[in-house]
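Here you get one chain, nothing else, as structure tokens; it is the form predicted on its own.
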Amino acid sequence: MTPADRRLAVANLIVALVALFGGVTTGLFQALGYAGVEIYSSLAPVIRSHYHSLSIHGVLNALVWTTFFISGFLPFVMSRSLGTALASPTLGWVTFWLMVAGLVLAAVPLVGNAATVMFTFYPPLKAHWAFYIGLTLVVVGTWLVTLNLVLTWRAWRARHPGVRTPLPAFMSLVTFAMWTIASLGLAVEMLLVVIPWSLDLVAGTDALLARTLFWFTGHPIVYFWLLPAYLSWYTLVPRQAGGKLFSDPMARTSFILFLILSTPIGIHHQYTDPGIHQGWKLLHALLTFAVFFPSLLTFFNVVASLETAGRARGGTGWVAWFRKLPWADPSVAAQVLAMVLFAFGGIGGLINASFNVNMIVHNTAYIVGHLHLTVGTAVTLTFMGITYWLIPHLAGRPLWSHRLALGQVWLWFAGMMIFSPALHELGLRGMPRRTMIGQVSYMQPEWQTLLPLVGIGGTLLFVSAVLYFANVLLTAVVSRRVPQPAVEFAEAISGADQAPVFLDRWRPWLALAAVLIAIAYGPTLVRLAATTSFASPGFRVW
């Protein structure tokens, strides 16, 4: 990796970490609000309401932290995996500054309470035009990341004809290819529906068309977050734990399936929306269950890989090998604990995709608990674990405190073990989401016993995050400068040479993904575009 590529990765990580700090801080406000501790009156005018805080929390955590981390981490992986520099450092920096410009443009109305529309920005809630244009620029920036990765791979391919793409590079390409396809829905929503409306170029909008285009992107974004975590679980954690990847071909197969199946499933978020035929909802439900199959492949492959590590370290028995994993390594501990909690998040995902059960839980706190098991733990805790080796490597300084990092990891796990189950149970007891629960007039007695647990869990998560930021900051500025080795990629028991050649060809899989999207979305989008009246005015309620 060249110094220029290294600086680019550092720049993306800095923006990601600043966003995470803002996200967890506003997350604490949310958790305290659930517990009935009202602090917004003392935060005004910086934070003006629960919904203002919730919008900042969602945008920073779900959109900014994840996107900038992935845009820094995967090019780093790509470069190391192929043993070459990125094709265009200039394009990399143009991309970075375009995304930063978009972020700043979106942040101004967001912080100023002119974009309190939450991170799903459903019309007819209407934000300032700068919010929508800013987020669009961030998405365009991710497309340029894809372009740079493709150019890098093509240059490598020209020098290595017939050689299988190394697994980490293959996974990086699949992740950004999937995201580029999926983000087209958001781009269309922004350019044709939301931005003209926010600029008063058209008289009104349509909530159903906007929601459908949003979920074209909105559910695959979950896989945009998860696939980089999977990449680390597949290609880095087994080596860190002292073992080998169980199967390279199985890993490639699972990522190809994610590429094909991740996008045409978004309508399972719209089971209760009128105007979409039940048959298309059923198709999206079936495809959502289908995308669980590569998740199961991932579960089996990663656990088998960890088992090789546990047994290599003297572990025996059906499950006793699990105790032999290097739990004193905070990077490994963070990612294995993230895997453990994500098992429950995956089960919750199946429940959410079920047509009838979804009707019960969809607009309740159950979904909030589910989201915090996925993006809040599987993704965020894994990314934290990655930074425990990545930042020392990039900074050329050892981690300031392994003990502090280990305590932080377990504290995050403990906090989430309180926070998320409480929200799941509150959802099953009928407590709504996207609501300022601490101030509602219809508070139910059965909620009151659980709400303090949300506050306690959220506080533990915030304290854990503070420890994390302190360790990262002290590593960057206090630790003695000593070159740090990067973590090596795991060897595979069943290697790339055993993978079928057709898995390394892109056109058939991209074409198949396009055909499936056309079948699953085409008729619905064509009908909505032909019949939508664009009659709804915008509303600003907070």
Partner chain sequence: MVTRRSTTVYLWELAWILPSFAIPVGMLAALAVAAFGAGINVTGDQGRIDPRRVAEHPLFKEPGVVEIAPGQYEVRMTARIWSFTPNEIRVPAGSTVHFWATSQDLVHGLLIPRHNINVMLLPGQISHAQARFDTPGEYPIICHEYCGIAHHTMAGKIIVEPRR
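Since the structure is predicted, the reported quantities are computational estimates derived from the model, not experimental observations. Positions refer to the first chain, counted from 1.
The discussion below concerns the form predicted together with its partner chain, not included here.
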| item | value |
| --- | --- |
| Region of this chain that lies against its partner chain in the predicted complex, out of 370 to 378, 225 to 233, 89 to 97, 272 to 280 [heavy atom, 4.5 Å] | 272 to 280 |
| Residue (of Phe299, Trp143, Trp400, Phe322) lying close to its partner chain in the predicted complex, criterion heavy atoms within 4.5 Å | Phe299 |
| Selected contact from Ala470, Ala343, Leu192, Ile360, since only one has a non-hydrogen atom within 4.5 angstroms of its partner chain in the predicted complex | Ile360 |
| In the predicted complex, Ser479 touching its partner chain (heavy atom, 4.5 Å) | no |
| 4.5 Å heavy atom contact, Asp206 to its partner chain in the predicted complex | yes |
| Any non-hydrogen atom of Pro196 within 4.5 angstroms of its partner chain in the predicted complex | no |
| Residue contact check: Thr84 to its partner chain in the predicted complex, 4.5 Å heavy atom | no |
| Residues in 242 to 262 with any heavy atom within 4.5 Å of its partner chain in the predicted complex | Lys244, Phe246, Ser247, Pro249, Met250 |
